[in-house]
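First, one chain by itself: the form predicted on its own, in structure tokens.
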Amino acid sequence: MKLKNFSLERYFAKHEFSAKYLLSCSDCDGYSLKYVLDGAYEEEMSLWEGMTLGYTESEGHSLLRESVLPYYKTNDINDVVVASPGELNFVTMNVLLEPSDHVVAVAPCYQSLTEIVKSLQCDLSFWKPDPEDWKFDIAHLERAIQPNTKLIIINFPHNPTGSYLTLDELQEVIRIAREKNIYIFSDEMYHKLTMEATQELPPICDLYEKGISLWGTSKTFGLAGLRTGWLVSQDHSFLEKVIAYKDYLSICSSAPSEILSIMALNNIDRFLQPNLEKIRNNVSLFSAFAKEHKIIKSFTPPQAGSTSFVELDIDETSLVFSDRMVDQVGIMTVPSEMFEHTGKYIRVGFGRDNFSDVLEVFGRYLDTY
């Protein structure tokens, strides 16, 4: 297997820790260790203080998997496997797919959702939204299905556009998959980050027997540094293969990360509510900002998630625009090229406390552009 460079992550590696301002991050500000520990229950603190730094269970700490269960219909920890989110995506594709298989994936998307499929030499089709409003048409998905389609990859809340499905639309995706006996891998990393008027979708694993849900602490909880994620599925045979494959990768998760993740899952409102308030306030700020600057050609506020894909009225590529801006004023943005998407777009992330300060600098730059 040979993988192309991960364009988005390489772009972040170049600028994220040197740029003065970050306007395109998909995660919210990271919470401090003290904040996590201050909200822990007595039993959780006992786990933390008594923790040893040896190997942990391959499938994840049993108490961590029990802490995951209240967010799903299942009551069986054997429906849950813990690892880093990227690892779980990588393993899922390798476990499920053969070169003869066809896959349909949402696009634009986080590169790992499709790059691993390509590396496995599968045939790949894309389900793309209408750029006018970023709505995904179910009919377009249905037309993309082929006799050898093995997997549908979805990501809602959608990164980078902020698009979301209605429950009826999600049920239609399931109908299409069920009729053809197709797996659905649902990247739900932004689960629960919904705008006030948006109905939250249930995890795909609760609705479909061949549904695989991926969630974790990175986006919803503002704890990306823990590198904790989990798969939930009704398909135990699939999950057993995931655990076996994991033996060749991380083997097991970090003991400190598992205990801190238990604290977060058992105290979700301490993490979720501040993030929701921050995102909603920043979306409102940017809506007003977009109306004041003609260079912003279009802005569709997110229905869910923490990002939007913003179209620019510029005479150069979005990559050149982003490179020049980070060099001149220290604002890092992610151009559409990092999502292999044509057009002049940048991703804007709404999960940071200093968003208004960055907008002030961004506005001055656009005024002189």
Ligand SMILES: Cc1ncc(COP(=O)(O)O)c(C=O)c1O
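Just count from 1 along the sequence shown to find any residue number. Owing to the predicted nature of the structure, the values given are computational and were not obtained by experimental measurement.
Just so it is clear, the following notes concern the form predicted in complex with the named molecule, a form of the same protein that is not shown.
Chemist: Please check if residue 227 has a heavy atom lying within 4.5 Å of any heavy atom of the named molecule in the predicted complex.
Modeler: So residue 227 counts as contacting the named molecule.
Chemist: Using heavy atoms and a 4.5 Å limit, would one call residue 108 a contact residue for the named molecule in the predicted complex?
Modeler: The answer is no: residue 108 has no heavy atom within 4.5 Å of the named molecule.
Chemist: Quick one: is residue 286 in contact with the named molecule in the predicted complex, heavy atoms, 4.5 Å cut-off?
Modeler: Taking the distances in the predicted complex, the answer for residue 286 is no, it never comes within 4.5 Å of the named molecule.
Chemist: Indicate whether the named molecule has at least one heavy atom within 4.5 Å of a heavy atom of residue 92 in the predicted complex.
Modeler: No, residue 92 sits far enough from the named molecule in the predicted complex that none of its heavy atoms falls within 4.5 Å.
Chemist: Going by heavy atom distances of 4.5 angstroms or less, which of 155, 213, 220, 253 would be at the interface with the named molecule in the predicted complex?
Modeler: Going through each option in turn, the one that passes is 155.
Chemist: Answer with one of 86, 274, 131, 203: the residue that has a non-hydrogen atom within 4.5 Å of the named molecule in the predicted complex.
Modeler: None of the others qualify; the residue that does is 86.
Chemist: Using a 4.5 Å heavy atom cut-off, which of 261 to 269, 243 to 251, 155 to 163, 293 to 301 contacts the named molecule in the predicted complex?
Modeler: Selected stretch: 155 to 163.
Chemist: At a 4.5 angstroms cut-off on non-hydrogen atoms, which residues of 182 to 203 are near the named molecule in the predicted complex? List them in order.
Modeler: 187, 189, 190 sit within 4.5 Å of the partner.
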